[in-house]
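Heads up, the chain below is alone and in the form predicted on its own; it's given as structure tokens.
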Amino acid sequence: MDQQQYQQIEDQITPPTPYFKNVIKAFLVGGLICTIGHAITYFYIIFFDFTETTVGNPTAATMVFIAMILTGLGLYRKLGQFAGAGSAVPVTGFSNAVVSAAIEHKTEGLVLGVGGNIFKLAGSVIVFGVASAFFVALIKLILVTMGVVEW
């Protein structure tokens, strides 16, 4: 059997991927997560006297905490299987990745298991976040120095 025959057999057996359905599910679930985030934002603004400038940190922390609880209960995995990227892109997906790594390696102990594996994904996200923030700030500094934009 050559490569072309194998490819034909594989195409016959493999069911078609429902791209449109997957995009709609990701869009709706991602939108729902962001809507919950906005509801939490307005909750903090109304009941705790935050401003639009200061409400971002407690909102993100609350969303991360909710995702941690859902991951611990095994519900975020089911959401991810249903929604795909819709549940992975917001900050809750990052929280899920960190907590699921901790849960996966807890049998190896707190230091070598949880401590050694919890930041595998988080480390790269933090490094690229800091690096991109540095370059954006550098570009803005250059543009301000040239007089193109103002602070």
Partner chain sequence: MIFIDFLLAFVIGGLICVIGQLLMDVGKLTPAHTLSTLVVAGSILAGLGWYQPLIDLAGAGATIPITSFGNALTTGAIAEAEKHGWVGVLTGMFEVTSSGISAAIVFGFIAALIFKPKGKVN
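Positions refer to the first chain, counted from 1. All values derive from a computational prediction rather than experimental measurement.
The same protein also exists as the form predicted in complex with the partner chain; that form is not shown, yet it is the one meant from here on.
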Contact flag, G31 vs the partner chain in the predicted bound form, heavy atom cut 4.5 Å: yes
Heavy atom of I103 within 4.5 Å of the partner chain in the predicted bound form: yes
Interface membership of I126, the partner chain in the predicted bound form, 4.5 Å heavy atom rule: yes
L112 within 4.5 Å of the partner chain in the predicted bound form, heavy atoms: no
Those residues of 12 to 43 which, in the predicted bound form, come within 4.5 Å of the partner chain by heavy atom: T17, Y19, N22, V23, A26, F27, L28, G30, G31, L32, I33, C34, T35, G37, H38, A39, T41, Y42
